[in-house]
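Let's start with one chain on its own, the form predicted alone, as structure tokens.
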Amino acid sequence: MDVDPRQYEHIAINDNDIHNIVLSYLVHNCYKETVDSFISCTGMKQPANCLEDMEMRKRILHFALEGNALKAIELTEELAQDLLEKNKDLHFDLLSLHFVELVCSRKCTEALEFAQTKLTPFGKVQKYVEKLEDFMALLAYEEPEKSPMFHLLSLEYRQHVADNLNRAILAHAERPRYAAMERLIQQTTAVRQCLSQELGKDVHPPFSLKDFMKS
């Protein structure tokens, strides 16, 4: 459902609003150097809590993505002391990253010992049983990257865990879990999809954000 740009080009957008949206995205994703440059170029006033924990979050996310999940856990506990204690799903996912790293390094004995001491206790809760089975199954393959559970070794899985960790840390500090830009895109997509459904698929093709960005 394409809308003629002439229908909304007259709507004025405040530059400060745009700047705040961009700054929110940069801070959310810990682009500290870019934040500094952006604030300098736009003449914006630096928010009081803008850089408060950005450097620490950046380090935590770096360790999670680069295979040092135990260090990510250590720093998370320093920054948000009770976060992982309360968020068992996130704690399990971080521990699983370390397990996967051991498996990828072919340290199977160490991986098994780690699973028995750190992951197995989660098996007392039913929702973790299937996850545990998938991770433990990796030990049965000489080339786990070719196993049916290969996705657990992927960068995409680590990125997924890191994104959830970042949002959880922000929420713990009573800050938005999502950047304003993400929320705007989510809301725009939802509204356009609803409108497309109401008008009927035969009249308009399903809304595509990718195509909209090209228009």
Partner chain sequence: MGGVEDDEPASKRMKLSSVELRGLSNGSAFREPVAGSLRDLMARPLPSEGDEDVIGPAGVIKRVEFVRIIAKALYSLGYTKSGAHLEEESGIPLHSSMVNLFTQQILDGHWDESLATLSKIGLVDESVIKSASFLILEQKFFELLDAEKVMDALKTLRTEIAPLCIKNSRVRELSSCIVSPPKCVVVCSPKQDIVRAKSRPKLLEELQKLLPPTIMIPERRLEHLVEQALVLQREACMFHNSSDRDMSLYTDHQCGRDQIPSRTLQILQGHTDEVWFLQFSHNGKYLASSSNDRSAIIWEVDLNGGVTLKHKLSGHQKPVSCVSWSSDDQQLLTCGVEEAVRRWDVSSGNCLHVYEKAGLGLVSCGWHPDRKWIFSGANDKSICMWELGGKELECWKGQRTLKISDLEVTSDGKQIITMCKESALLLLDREAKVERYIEEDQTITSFSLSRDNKFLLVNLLNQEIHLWNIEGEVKLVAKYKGHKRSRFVIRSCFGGLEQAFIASGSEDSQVYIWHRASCDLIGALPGHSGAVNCVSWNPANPHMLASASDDRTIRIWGLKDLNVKRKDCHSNGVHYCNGGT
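What you are looking at is a predicted structure, and each value in this text was computed from that prediction instead of being measured. Residue numbers count along the first chain shown, from 1.
Below: the form predicted in complex with its partner chain, not depicted.
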Heavy atom distance at most 4.5 Å to its partner chain in the model of the complex, all of C108, L112 and Q126 = yes
message = I'd like to know whether I73 contacts its partner chain in the model of the complex, with contact meaning heavy atoms within 4.5 angstroms.
response = no
inquiry  = Residue-level contact is defined here as any heavy atom of the residue lying within 4.5 Å of its partner chain in the model of the complex; does L139 satisfy this criterion?
reply    = yes
query = Is the gap between M149 and its partner chain in the model of the complex 4.5 Å or less for some heavy atom pair?
reply = yes
query = Is there a heavy atom of D134 lying 4.5 Å or less from a heavy atom of its partner chain in the model of the complex?
reply = yes
